[in-house]
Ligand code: PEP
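Here you get one chain, nothing else, as structure tokens; it is the form predicted on its own.
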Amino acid sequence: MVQELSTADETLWLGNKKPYYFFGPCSAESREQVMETAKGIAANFDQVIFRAGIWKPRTRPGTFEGVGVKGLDWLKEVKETFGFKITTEVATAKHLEACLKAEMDVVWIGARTTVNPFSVQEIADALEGVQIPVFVKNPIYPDLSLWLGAIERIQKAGIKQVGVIHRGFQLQDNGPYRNNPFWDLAIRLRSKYPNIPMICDVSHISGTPDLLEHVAQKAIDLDMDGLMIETHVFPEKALSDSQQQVNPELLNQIVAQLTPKNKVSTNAAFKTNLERLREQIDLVDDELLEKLAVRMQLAKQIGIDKKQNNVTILQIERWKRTLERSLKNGTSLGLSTKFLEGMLHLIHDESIRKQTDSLE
């Protein structure tokens, strides 16, 4: 089981006030680029966890793969000059050892590493006997178990200070995003472990500066604990992910436009009305569950009848007609096609399972 962090522990190890800001370039390219970027950020932000990639896991060889260990010295200089905490990504035990030697304040495990339990375990083994905050990015593809498994491996190494980074997922259709935010999966993780800090990697979800404010505000609305935004003094000259980075001036403009949200309100009328509406939702939810139980009993009976008459379980033409009818009725009631398709497919899958079980 993933261990939950208390609020006190969370404050103790991050120190900074929420929201936690992870700002800095995708890659550390030179000392001058790192220091100038940090200087630009420091002009508007005093509490920042300065991020920069030192080792870059690139899809194809021949592209910029990071400057390596020497970049850690540049991060240390940022810390000494501006007082920022510093962090970078680790993909191997060797990376971690170099970061510990350089006294990094935080490290994170990237999406490409999270998908490989062997790589995560190698890092976990190297973490035994030390204490450093470790963030785990979601895997490239939407697999909650894989994400949780990586967190559990790090915790089993004795690391108490574990956080997560939501950076979106690569789907067949990502819409306007570089990585589909697939907020539902992030919400499921937060619902299960609400005290583990979650940072939103706004840049990797957006893929373009035009979407940064929208995605960042969504993360705040969902009560995430901080934002990771790639910031480069000259984004157009960046050696990696130039299309999604912003300069410090634009970063400040974006953050200034964000609207913070409160967890609770002192407005008595609001609280009374909210409670009334929630009670109504609870009643409707109970009715929905009762109706679903009735539907599954009917599906089970159909399965028994099919068995007795030697009829196949899956009736594709019937399913197509049912889906078409339900989509038409549902959209006329104001429900979205995406929501309806997801719900109806889940109900149909469970109905098939019920009918299949009846054959045994």
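A residue's number is simply how far along the shown sequence it sits, counting from 1. In this text, all values refer to a predicted model and were calculated from it rather than measured experimentally.
Separately, the form predicted in complex with the ligand exists; it is not shown, and the next lines address it.
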| Does Gly110 reach the ligand in the predicted complex, with heavy atoms at most 4.5 Å apart? | yes
| Is there a heavy atom of His232 lying 4.5 Å or less from a heavy atom of the ligand in the predicted complex? | no
| 4.5 Å heavy atom contact, Lys85 and the ligand in the predicted complex | no
| message | Can you tell me if Cys26 lies within 4.5 angstroms of the ligand in the predicted complex, counting non-hydrogen atoms only? | response | yes
| query | the ligand isn't shown here, but in the predicted complex, which of 248-256, 91-99, 198-206, 116-124 has heavy atoms within 4.5 Å of it? | reply | 198-206
| said: Within 4.5 Å of the ligand in the predicted complex, counting any non-hydrogen atom, which residues from 158-174 show up? | reply: Arg167
